[in-house]
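There is one chain below, alone, in structure tokens, taken in the form predicted on its own.
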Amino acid sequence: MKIPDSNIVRCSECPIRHRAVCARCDDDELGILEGMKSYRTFAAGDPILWRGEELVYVASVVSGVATLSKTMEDGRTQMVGLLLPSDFIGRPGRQEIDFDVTATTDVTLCCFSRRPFEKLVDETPHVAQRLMELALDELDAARDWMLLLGRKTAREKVATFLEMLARRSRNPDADGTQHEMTLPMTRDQISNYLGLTLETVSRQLNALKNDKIIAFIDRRNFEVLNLAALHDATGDDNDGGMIS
């Protein structure tokens, strides 16, 4: 159930201020956004938007994690993406949402009514530029996702997933080591997302743990002990050249 949130944070104090759609805005532009926004919160498991639903508002994820999924006519559902803090929901100029959006954890959204926001995009180059950057980032992520599903091994898939969480974490140490983080999904959901079985996901997480790349505090909370080794486990090449 969506709940209007009266505890709205000022834009200048927002934890996603320098990563979200407002990242390039000056003080005057932030003032305009400040007057337009509202917060909505969703409990874990709540639907945020259904595919084909009228897009009344667009939003940035302030906290929490949501999934993007599509359901086929026979009921099969495929998770096709994750929304993490600072990610943007909706597309100006479109009247419907193309995916089911579901809160995986408790989620807080910073929402803008679609039509006033579309007008702001037309009139504010900084917002339009940032939207384009976010769209290009999403395109890059989709291409990486094609590689993951098509070519990566089970170990590389799980390592890539964990590295993405580490990269998007807010508070890395200077050496890249992360403090405690939480798996935003159950292992069953992770297996759906990565196209693996539940048993394979559990086996690969245990292998990374045994290799002292990660350490689990409990079933959902973990630390990255060696970020460089985690990156190596993804199979991604640092410089783009052939590995001899």
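Each form is matched to the other, and the largest set of C-alpha atoms that superpose within 1.5 Å is called the rigid core. Owing to the predicted nature of the structure, the values given are computational and were not obtained by experimental measurement. Position 1 is the first residue in the sequence shown; the rest follow in order.
Keep in mind the form predicted in complex with a further copy of the same chain is missing from the figure; the text below concerns it.
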{"property": "Of 183, 33, 55, 68, the one that lies within 4.5 Å of a further copy of the same chain in the model of the complex (heavy atoms)", "result": "68"}
{"property": "Non-hydrogen atom within 4.5 Å of a further copy of the same chain in the model of the complex for each of 9, 13 and 102", "result": "no"}
{"property": "Interface segment, criterion being heavy atoms within 4.5 Å of a further copy of the same chain in the model of the complex, picked from 25-33, 45-53, 59-67, 205-213", "result": "45-53"}
{"property": "Contact flag, residue 91 vs a further copy of the same chain in the model of the complex, heavy atom cut 4.5 Å", "result": "yes"}
{"property": "Proximity of residue 77 to a further copy of the same chain in the model of the complex, heavy atoms at 4.5 Å", "result": "yes"}
{"property": "a further copy of the same chain contact at residue 168 in the model of the complex, heavy atom, 4.5 Å", "result": "no"}
{"property": "Contact of residue 192 with a further copy of the same chain in the model of the complex (heavy atom, 4.5 Å)", "result": "yes"}
{"property": "Residues in 128-152 with any heavy atom within 4.5 Å of a further copy of the same chain in the model of the complex", "result": "128, 129, 131, 132, 133, 135, 136, 137, 138, 139, 140, 142, 143, 144, 145, 146, 147, 149, 150, 151, 152"}
{"property": "Threshold 2 Å Cα movement between the shown form and the other one for residue 196, core superposed", "result": "yes"}
{"property": "C-alpha of residue 24 off by 2 Å or more between the shown form and the other one on rigid core", "result": "no"}
{"property": "Direction of Cα pair change residue 231-residue 87 in the model of the complex, magnitude 3 angstroms or more", "result": "farther"}
{"property": "Inter-Cα distance between residue 154 and residue 74 in the model of the complex, nearer or further [3 Å or more]", "result": "closer"}
